[in-house]
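Presented below, as structure tokens, is a lone chain in the form predicted alone.
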């Protein structure tokens, strides 16, 4: 089974990613992973932390001469800001702190919308920093490394995954400006946009909305769309709840910090239409085999891929840290206070698009390997090609 594990705190020495289950022989381009890490750090509305960090992966295990060995792959992403936090975040006891900031870094004013208060209550901490350091979206750098690696595996089979922004705050992109574009052109448009939106007119209005929020000491969320093409029919299963691909994608996407909603295809709009306006008619021709004449289902029916493009949208809430903070309560004294202000972004939705892209890629790779298996890339390819030959017999 393909899986990954991350470890590390936002201001600790670094983040670690361990990916287990990739077959041997998969070519790995480390610079491509580093490009995805840089993409995650970009986007209009990001804060000062991104000017400090220059995320790159250092391979620790599982690779030799640019290919996977079949053993766990481990990456380290070092935190450059660690040099300024070595005493505050020291893994070992500090007998007599010399850093005058140490006391100031204790967090006793939990932020509304963050994990601060619930984490303190659950784990019995006296300092919310013990919670916020791991709850921080800094952890997503490790997820992007894992997802970028998975995407390289999927590309061996012609599968491509692209994430982009379709709304920030009240500003929505017009699908008529990009929905019919080839995926590569859509991706290129998103990459040149400061907010990773393929609609240039909406992109400009999104930038203005972020500027307004910044001036007000506020933050903005948005909506991300991820599309995957080249998927064969039959990934996932209808037979049990935890084998349904859409359920797994929803779980994995909602596990990303600040993600609050997921929909596929028409999503919630399907609830307001008649069945004849929702379901996708089936057709067949000698070259394509079975296909749908439209894709309102977003490429998934009965928990399984249909062979049509996978289309999933994710709602990302605004960042919880506000420069004009909301009211809170001081821990232990219960006195009214303003919430703690940590260095933060005004809008992280463009970064969220890269993160969701990586999460979708990893989940798809997991289900791909669940179906086709293989201890080596050659074996996986043989199994996959045999399945495609079987499909042509129907």
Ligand SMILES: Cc1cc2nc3c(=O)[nH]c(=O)nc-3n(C[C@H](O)[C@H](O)[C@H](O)COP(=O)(O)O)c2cc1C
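Residue numbers count along the first chain shown, from 1. Bear in mind the structure is a predicted one, so any value in this text is a computation, not a measurement.
There is another form of this protein, the form predicted in complex with the ligand, and it is not shown here; the text below is about that form.
- The partner is absent here, but in the predicted complex a heavy atom of 114, alone among 313, 114, 109, 189, sits within 4.5 Å of the ligand.
- Residue in contact with the ligand in the predicted complex (any heavy atom within 4.5 Å), chosen from 292, 205, 317, 279: 317.
- Heavy atoms of residue 39 never reach within 4.5 Å of the ligand in the predicted complex, leaving it off the interface.
- Contact between residue 55 and the ligand in the predicted complex is not found at the 4.5 Å heavy atom cutoff.
- Looking at residue 152, you'd find every heavy atom of it more than 4.5 angstroms from the ligand in the predicted complex.
- The shortest heavy atom separation between residue 135 and the ligand in the predicted complex is within 4.5 Å.
- Heavy atoms within 4.5 Å of the ligand in the predicted complex belong, among the stretches 254 to 262, 196 to 204, 181 to 189, 157 to 165, to residues of 254 to 262.
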